[in-house]
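Just one chain is shown here, as structure tokens, and it is the form predicted on its own.
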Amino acid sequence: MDAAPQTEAVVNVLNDNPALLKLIGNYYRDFIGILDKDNNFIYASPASHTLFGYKPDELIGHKIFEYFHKDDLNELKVTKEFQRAVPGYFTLSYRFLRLDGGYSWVESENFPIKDPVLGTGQFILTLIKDITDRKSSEEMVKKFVQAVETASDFIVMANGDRIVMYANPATKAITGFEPPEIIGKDVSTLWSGEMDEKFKEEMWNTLGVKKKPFRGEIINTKKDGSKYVLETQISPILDEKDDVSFYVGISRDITKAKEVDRMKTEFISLASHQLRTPLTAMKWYMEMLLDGDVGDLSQEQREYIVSINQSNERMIELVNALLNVSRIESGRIMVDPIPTHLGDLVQTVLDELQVKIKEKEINMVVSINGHLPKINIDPKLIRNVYLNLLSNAIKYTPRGGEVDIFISNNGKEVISQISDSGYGIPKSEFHRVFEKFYRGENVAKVETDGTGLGLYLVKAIIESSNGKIWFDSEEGKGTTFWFSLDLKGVKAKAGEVTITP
């Protein structure tokens, strides 16, 4: 198509100054196009190449509709818009076909230009801006908002002063309150309402002072007065000055899950109690048989009874472990602290383990700080910690190996260290060490006995005693566990049951 005469006419309309159009076209970052009365390009600025890949000459003579995405094109409607543009200005948003076959979202402003001869609107000046990035951001925001609005989790945003700015519709399902009833109120009523002061202090210290995410379980009260439990993750969002700009909390209602878990724990406790009685009776009878109380046994009979007795002992160990775990998890366990010397407590454990130590010819190295004070702890609970850690160290150390015990005082805490020269824990399994029923793949092949509950129980006891526990290990070289107990000790706690040795 020879567009020169028409282009000249349009240029004349633009202040009779072709240089102006060229200047604008060369330096204007957005695409400038001029369409004739049939919607064909008669002018295209150089930006067509940078934005869409076409050289200006490649667009001249082609209808603009050829570059519309089919889902955005209703040619009759768009044509009418272009024709209706003769008396006025209009805008369009659509996807523009690029030379590489892809599409870019564009926004176009369209102006009628009069023919200087006819004096009527015969041409359209279209200014096309690439809005792909903006459109993508808008789509992401739209999807994000949709996800938040339809989420079953309770999502809250609060400003730096802890005032609720937003609460999603799940608020009502979980708390009983409509979002407008929460917005504008202090977020503490949502995120720490029924928790004790120590919990609140720790949570807000983590969020506001340390400026780190907080994760935990929160008990609160619904609008109808009933209690609910949330598993909550709260994150502080910082501004360019590293100050907290706002908080985002995502909470999941785990009230039913906690109740199911409680019922499961009670069932395990009940079943374990019922199992314990016959197992203990079996143990007594087998000890009587082995002691010759009912007559001498043949060598073969003795071997059978010894094997049965060992299996029974493993069952008793498992039942006791299950009972202890269920007691800890149920919250019914009592804490009865008394002034206790940890060195003396460890010695009672070592006396109990002497048979196993001698059987495996373990070299025990014990070092206890000579100025170790007595601290207020529950000796039954902490004794269980030492018993589990030392039993594991002996069990998973090859014959003739070494187990070390060091107890030190740093002025604020008493730190106990139990090291062995055993099989070690694979690095890939570090994150599972304190899980229920976890046993390392490398040791399970060597030592088949074990419940996988000992370290889970140890961690639960230490944390309930306001202590900390950690470890390090190298496969094939051994493992070291440390745990610390505050010199201030722990407070007494009423309960119904205690730990079984």
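All residue numbers refer to positions in the sequence shown, first residue = 1. None of the values given here were measured: they were computed from a predicted structure.
One more form of this protein should be noted, the form predicted in complex with a small molecule, which is absent from this view; the next part is about it.
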task = Would you mind picking out the stretch of 205 to 213, 422 to 430, 367 to 375, 337 to 345 that comes within 4.5 angstroms of the small molecule in the predicted bound form, counting non-hydrogen atoms?
result = 422 to 430
query = Quick one: does Val443 come within 4.5 Å of the small molecule in the predicted bound form, counting heavy atoms only?
reply = yes
ask   = Is Phe481 close enough to touch the small molecule in the predicted bound form, meaning at least one heavy atom pair within 4.5 Å?
value = yes
ask   = With a 4.5 Å heavy atom cut-off, would you call Ile382 a contact of the small molecule in the predicted bound form?
value = no
inquiry  = Given that the small molecule is not shown alongside this chain, does Asn392 nevertheless sit within 4.5 Å of it in the predicted bound form, heavy atom to heavy atom?
reply    = yes
task = May I ask you to choose, among Leu35, Ile461, Leu453, Ala47, the residue with a heavy atom within 4.5 Å of the small molecule in the predicted bound form?
result = Leu453
